[in-house]
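The chain that follows stands alone, in the form predicted on its own, written as structure tokens.
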Amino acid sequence: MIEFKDVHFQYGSLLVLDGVSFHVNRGSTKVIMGPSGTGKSTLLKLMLGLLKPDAGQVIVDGVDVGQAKRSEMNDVRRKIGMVFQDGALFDSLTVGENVGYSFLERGGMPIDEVEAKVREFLAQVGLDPGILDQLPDQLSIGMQRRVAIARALAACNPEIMLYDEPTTGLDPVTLETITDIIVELQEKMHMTSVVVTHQIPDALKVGSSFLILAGGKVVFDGSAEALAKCTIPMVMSFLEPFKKTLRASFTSLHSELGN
């Protein structure tokens, strides 16, 4: 569904990506990790076509987004939902207006139908429709993240969901709720997902495969099993605080497969 082929990218004189190659299978969840400033969010912007690679190819559902015409790029973006770290909700609009924004912008749908659609999408992320008339700053951070996911779903009924640090700053209970939603969307709607995070436990819960960036390069790309056994020094150092969680996750996976 998504493929990077020897992608190079830099901001001015700062080299961010240096020959990055990987792929994301249709219907799977790729988790992207690595130290701060290694280009994780840049990868998402390249997938969206907001940035173009200096060299190499970024292919989304068969379209080379670096070479795509505007009409082709618009078609690609209609397949992609994006959830930003801070939610990026419109502060001056109510929850209902935020989630229903794409319907209202396109026009042609009666307001009662828009509201019914908004209620459906809020329910899909476990939110009470009673918050329809509230403003984002009246909600907790966790509720804002769920509204952001509902808005992404409503905007284009996406085949691909991109999440940029979706659990940062959340309490443990809310964090669990968000990761449950990501897993549920992938399983029930067969979405292709890319999740950027530095939270290793969250990564292990939602990921089908894992990518670690460092120094502008891919230093690891593989399964949870391969990650647990990885002996690359940089990867071992990055994962050291979470080794017990990683081993427990791997043991649990084998137990489930055995049953």
Partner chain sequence: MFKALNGFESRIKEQLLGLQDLTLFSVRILGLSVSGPFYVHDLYEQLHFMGVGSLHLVVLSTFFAGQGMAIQFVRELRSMGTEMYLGKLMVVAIVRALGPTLTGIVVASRTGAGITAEIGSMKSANQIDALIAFGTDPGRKLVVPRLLALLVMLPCLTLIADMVSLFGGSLVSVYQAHVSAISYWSMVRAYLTPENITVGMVKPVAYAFIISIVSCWKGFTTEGGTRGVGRSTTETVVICVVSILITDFVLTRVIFTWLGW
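Positions refer to the first chain, counted from 1. Predicted model only: the values in this text are computed from it and were never measured. We call the rigid core whatever largest set of C-alpha positions still superposes within 1.5 Å between the two forms.
Beyond what is shown, the protein has a form predicted together with the partner chain; the following relates to that form.
J.: Please identify, from 138-146, 177-185, 88-96, 114-122, the stretch that has a heavy atom within 4.5 Å of the partner chain in the predicted complex.
T.: Among the candidates, contact is made by 88-96.
J.: Would you classify Ala155 as touching the partner chain in the predicted complex, given a 4.5 Å non-hydrogen atom cut-off?
T.: The answer is yes: Ala155 has a heavy atom within 4.5 Å of the partner chain.
J.: Is Leu50 close to the partner chain in the predicted complex, meaning a heavy atom pair under 4.5 Å apart or at it?
T.: Leu50: yes, in contact with the partner chain in the predicted complex.
J.: Can you tell me if Lys69 lies within 4.5 angstroms of the partner chain in the predicted complex, counting non-hydrogen atoms only?
T.: No, no contact at 4.5 Å.
J.: Just to confirm, Gln134 within 4.5 Å of the partner chain in the predicted complex by heavy atoms?
T.: Looking in the predicted complex, residue contacts with the partner chain do not include Gln134, since no heavy atom lies within 4.5 Å.
J.: Three residues, Phe84, Glu105 and Arg151; all within 4.5 Å of the partner chain in the predicted complex via heavy atoms?
T.: Judged in the predicted complex, Phe84, Glu105 and Arg151 all sit within 4.5 Å of the partner chain.
J.: Looking at the partner chain in the predicted complex, which residues in 159-187 have at least one heavy atom within 4.5 Å of it?
T.: Nothing in this stretch is in contact.
J.: 2 Å or more on the CA of Arg106 between this form and the one not shown, with the rigid core superposed, yes or no?
T.: True for Arg106: a C-alpha shift of 2 Å or more.
J.: Rigid core fitted, then: does Leu93 show a CA shift of 2 angstroms or greater between this form and the one not shown?
T.: After core superposition, the displacement of the Leu93 C-alpha between this form and the one not shown reaches the 2 Å mark, so yes.
J.: 2 Å or more on the CA of Gln144 between this form and the one not shown, with the rigid core superposed, yes or no?
T.: For Gln144, whose C-alpha is compared between this form and the one not shown after core superposition, the shift is 2 Å or more.
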